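Before any questions on binding or motion, here is one chain by itself as structure tokens, the form predicted alone.
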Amino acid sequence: MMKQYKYPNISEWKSICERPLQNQENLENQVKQVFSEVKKSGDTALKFFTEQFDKVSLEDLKVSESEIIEAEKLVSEELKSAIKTASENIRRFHNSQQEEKKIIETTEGVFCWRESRAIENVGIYIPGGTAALFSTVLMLGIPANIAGCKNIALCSPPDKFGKINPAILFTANLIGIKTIYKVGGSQAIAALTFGTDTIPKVDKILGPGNQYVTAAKQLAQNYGVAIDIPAGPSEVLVIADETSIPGFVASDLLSQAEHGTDSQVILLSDSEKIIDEINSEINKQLEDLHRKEIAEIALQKSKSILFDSIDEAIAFSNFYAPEHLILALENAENYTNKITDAGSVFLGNYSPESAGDYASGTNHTLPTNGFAKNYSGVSLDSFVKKITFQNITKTGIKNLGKTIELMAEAEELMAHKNAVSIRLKSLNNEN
């Protein structure tokens, strides 16, 4: 079960916040080796690593049209309907993130504005190991479509039969993604980074994954490819007071613990009684879980912490910077202005983290491992570049010219100054 702490001193917070990570040096060395082989041997290396890691030999890395058609038949009508409902909510929320062009006159005659342009070539990674995350196809593919990305390449690991989960293929086809590849792990990230005969090189890679995928995404940046966020093993932190419902909180903690053995869940409260009741509920619910063994291992690396007050618990949460934060508190909305570091926040007893994972509309691709301190979750902005424009009239250069000249001269950049002076002189001659 979870390790328990009572009233930890702030000097202990750093050690308590440590995530269950693998040896980083060994991890990075393995990923570098995969990158080297994929860069050198392309598809041959991808097939080799797929056989080594996924235990399947593939002739063709690309999913065929017939496989996509067949997949649709294998998905129940009830699940198709659920996916479509989630798709509509996600599209509605991400559509709202589009910005109107606003032209600002900073000085009389000086007009500045910003416009969005789609990143043309993007690669999206969809985990498919112990759980095939077809919901991630919606979370990445929908904003990519709204942004107007021209080329979207989807990579996901095959099962032992060389197939991709039918729900992943159905969902991809539903939102218009046709270029799908049976490649997973760090080798998929390497393929999107360098390009192979089959898989195209992209400008940005997005999507969650295990620690190998996360390390590979970070390495991809060394080769000029952007990434969304270093999204690694899933995590949730719940702050619960005496008004929380122990069974609900336990279910939220287990929903993240079942993601993987390297997941982590944290429970904070100002009530020892509530912590005990939640732990009791965890034990009860654990017995009925299909992924019980995975959740048990994750719980061994997880923690419950008793604090003097909810305010202190929130301060710890900000220090930890969780991927998901649940405030199972009375009047939870009153605490939102105190939250400074979190990927996505869920308020009250009836806002399960699962809602954000699937269908409420917010994006579930979020920063983990403390990166919520300096990264946002995936949004429409993740798929666009912001380009600034300016239009300076004759009046504008007259009004701003002297300021530019003085600053350029002070920095001893006389060509910069002259670019303004020559225009001012021309205008004076006109007069």
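This structure is a prediction, so every number in the text was calculated from the model and none was measured. All residue numbers refer to positions in the sequence shown, first residue = 1.
The same protein also has a form predicted in complex with a further copy of the same chain, omitted here; what follows describes it.
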* Triple contact flag 62, 293 and 314 to a further copy of the same chain in the predicted bound form, non-hydrogen atom at 4.5 angstroms -> no
* Any idea which of 34 to 42, 51 to 59, 366 to 374, 65 to 73 reaches within 4.5 Å of a further copy of the same chain in the predicted bound form, heavy atoms considered? -> 366 to 374
* in the predicted bound form, does residue 159 have a heavy atom within 4.5 Å of a further copy of the same chain? -> no
* Taking 4.5 angstroms as the cut-off for heavy atoms, does residue 132 touch a further copy of the same chain in the predicted bound form? -> yes
* Taking the shortest heavy atom distance, is residue 82 within 4.5 Å of a further copy of the same chain in the predicted bound form? -> yes
* Please check if residue 357 has a heavy atom lying within 4.5 Å of any heavy atom of a further copy of the same chain in the predicted bound form. => yes
* **Interface residue in the predicted bound form among 301, 114, 178, 163, criterion: non-hydrogen atom within 4.5 angstroms of a further copy of the same chain** => 114
* Asked: Can you name the residues of 321 to 351 that have a non-hydrogen atom within 4.5 angstroms of a further copy of the same chain in the predicted bound form?
  -> 333, 336, 337, 339, 340, 341, 342, 343, 344, 345, 346, 347, 349, 350, 351
